[in-house]
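We begin with a single chain expressed as structure tokens, specifically the form predicted alone.
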Amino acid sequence: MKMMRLTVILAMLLNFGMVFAQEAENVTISIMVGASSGVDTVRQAAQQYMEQNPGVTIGVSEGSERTDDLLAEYSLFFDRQSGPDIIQLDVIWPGDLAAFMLDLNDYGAEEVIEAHFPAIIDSYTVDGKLLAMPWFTDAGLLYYRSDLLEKYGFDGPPATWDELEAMATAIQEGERADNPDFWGFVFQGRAYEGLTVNALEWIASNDGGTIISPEGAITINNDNAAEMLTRAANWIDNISPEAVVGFAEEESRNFWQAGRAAFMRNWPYVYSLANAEGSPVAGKFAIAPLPAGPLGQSVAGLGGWGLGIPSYSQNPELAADFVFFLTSPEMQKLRATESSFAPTVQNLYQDAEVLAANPFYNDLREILNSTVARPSDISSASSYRFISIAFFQAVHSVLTGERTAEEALEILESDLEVITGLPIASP
């Protein structure tokens, strides 16, 4: 049934009005996307595109799952000026990669960008150049075992971190009678970009700022931030397994989806995987906003990915046409209904079929209005990568017990002053 539906929807895309020259002969392009970005749908779309464009060959390759590793792969392509014609760009990368990417406005993007959230288009625009077409957006979510909350007498998901800790502890203690390896809460604790997002959510939810203020001052070394990092460190080996300090998105998902944890922080893409046939938690979970800290409110880290064309591409016109195909409303609807990838096309959040497949989208649009962005647009284009590395390494040192939160933030403050040249905020 899914394959039939896929074929029908992909056929509809042929009316999108941007099918590349049908007389092309022996033209080859390639695309690389991350391992957790729906590679199968990209391969199916490429096959349909090639069938309708004889002589065109599209190679699809799978890049690294982790954001930092994927960027390292791309850096090698830029250095040797050779690689995939289309790559997947994190929403935080445009400033760093502007010198290496083509302007999609030169290939007709202005004809299709109006369907997307303007703020997301803006995030991929640097000095008037559109470096990527939005493909899907992300916001941090709390996944919870609704069956276990009911079993242990809880009326709904936790609204605060205090409530999450209490619920996780109670459920963990109860479930360990039959499953000694059951835990309360998992998240992305590995020292990588994902930890930057998780920790920024914790800190911002407690009114601890966003590392660097919108005015361009370093604000991270404050009591509210230290309080949340200390709290998170106390989760380890209490409600979270020690292994969580090595978890990225998929490790967290696999652990939780196997029925080994009550709560999980992750992205929207997990929803369809967790509800798939054969999943141990299918039909047993729900999604809620992330908890609020004692001094703040619920905050979700903003993520998302777009598709762009490196300047070394030898076939940018064809590559652009395929980018517009993949990011079209029809394709985003397909990926939303089949794989829970959150659309960047605004009207899909009112689409009945999309909402039927993803009931939590009713809340997701509101969650997208309460997101916190990483300071990639405040820092210089060349420094955000180093800001994030310094930040997640500092946070990781707190989670592992190497340093106290106060020690780690004091060192981080000094490091960020050197990295950015920005002033430290007054106490």
Ligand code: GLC
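Small disclaimer: the values here were computed from a predicted structure and weren't measured. From 1 onward, residues are counted along the sequence shown.
The discussion below concerns the form predicted together with this ligand, not included here.
This chain is displayed without this ligand, yet in the predicted complex the stretch 296-304 from 296-304, 319-327, 231-239, 115-123 comes within 4.5 Å of it by heavy atoms. This ligand is not shown here, and in the predicted complex it never comes within 4.5 Å of any heavy atom of residue 185. Not displayed here, this ligand is approached by residue 192 to within 4.5 Å at the level of heavy atoms in the predicted complex. The closest heavy atom approach of residue 267 to this ligand in the predicted complex falls within 4.5 Å.
Using a 4.5 angstroms threshold between heavy atoms, residue 165 stays clear of this ligand in the predicted complex. For the residues 227, 138, 175, 85, the 4.5 Å heavy atom test against this ligand in the predicted complex is passed only by 138. 67 is the sole member of 376, 67, 358, 371 with a non-hydrogen atom lying within 4.5 angstroms of this ligand in the predicted complex. Within 4.5 angstroms of this ligand in the predicted complex, the stretch 106-122 places no non-hydrogen atom at all.
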